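Below sits a lone chain in structure tokens, taken as the form predicted on its own.
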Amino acid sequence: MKVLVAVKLTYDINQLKFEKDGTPLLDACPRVMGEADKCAMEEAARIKDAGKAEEVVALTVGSSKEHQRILKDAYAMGATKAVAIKVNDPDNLSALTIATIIASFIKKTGPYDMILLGSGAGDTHSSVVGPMVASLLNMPLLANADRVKVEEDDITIVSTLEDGQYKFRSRTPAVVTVTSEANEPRIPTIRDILRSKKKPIDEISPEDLGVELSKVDLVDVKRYEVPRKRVKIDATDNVEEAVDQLIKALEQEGVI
């Protein structure tokens, strides 16, 4: 089995800070491989460790030092090959352009039996790249996998939806998007990290893939805040009256 894992360089939202007006301090925020992407990489590594995959290719769109760092991280986790798409400013690419780049790379270097992606990025939460890749490749999509099982030419996932857990199965090749609940990504050993630093990273341009870049303009980004009503109900003297006031206030807000 040949597996491709698409990983994204994203902001570490756990360390993201904001100005008083809600503007994010992006320049001061570290950038890492997305949490769901780590889980996708871990799934690929487990498939390889089980002897079910001979090759695991890690792919990212972007060629900065930070992009190369997360590809080295992928090597340390178990990737056998790493590829960077040479784009100077990938953050402003549209989701469809990203998906087109990934699909075009797969068509050019495949076939692949399994394409793994994180179900959604921590910075955009769009969750559309995986489905777009599946559509462009005309492949089955197994989305939002909390558990992944591979048996010969079959892939089975368990996905948790609002009304319960569902099991989906597909023959290969297929696209699988993995949630951050799917597993606990491994922490590479010092030996694996040192080995990863010596491994090559191939580079390819969008022009080589026949992809025209389409960018979007970022107008503004602000932290979302829910304004507080700050309504206080005094229940010191009359609890029943206070309860009535609370119920009326909730009704006015449409809560009940």
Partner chain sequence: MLYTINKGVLEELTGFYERLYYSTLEYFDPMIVSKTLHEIVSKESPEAVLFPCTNKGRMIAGLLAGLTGYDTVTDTVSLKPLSDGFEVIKLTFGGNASATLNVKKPMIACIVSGSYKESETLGSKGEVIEVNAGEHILSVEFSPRKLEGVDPSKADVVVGAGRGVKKKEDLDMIKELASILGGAWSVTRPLAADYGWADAWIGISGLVINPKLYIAIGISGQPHHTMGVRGAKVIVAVNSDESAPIFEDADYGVIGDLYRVVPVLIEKLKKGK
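Quick caveat, the model's predicted, so the values are computed rather than measured. Positions refer to the first chain, counted from 1. What we label the rigid core is the largest C-alpha set whose atoms superpose within 1.5 Å from one form to the other.
What comes next is about the form predicted in complex with its partner chain, which does not appear here.
Residues placing heavy atoms within 4.5 Å of its partner chain in the model of the complex fall in a single listed stretch, namely 224-232, out of 202-210, 49-57, 36-44, 224-232. The shortest heavy atom separation between V83 and its partner chain in the model of the complex exceeds 4.5 Å. Put simply, I101 is far from its partner chain in the model of the complex: not one heavy atom of it is within 4.5 Å. Contact check for D244: a non-hydrogen atom falls within 4.5 Å of its partner chain in the model of the complex. Within this chain, N88 is remote from the site of its partner chain in the model of the complex, having no heavy atom within 4.5 Å. Contact check for M1, D27 and K108: none of the three has a heavy atom within 4.5 Å of its partner chain in the model of the complex. Looking at 130-167, the residues that come within 4.5 Å of its partner chain in the model of the complex, counting any heavy atom, are P131, M132, A134, S135, L136, N138, M139, P140, L141, L142, A143, N144, D146, T160, L161, E162, D163, G164, Q165, Y166, K167. Superposition on the rigid core between the shown form and the other one places the CA atom of A50 less than 2 Å from its counterpart.
Core-aligned CA deviation for D220 between the shown form and the other one: 2 Å or greater. Annotation for L194: C-alpha shift under 2 angstroms between the shown form and the other one, rigid core superposed.
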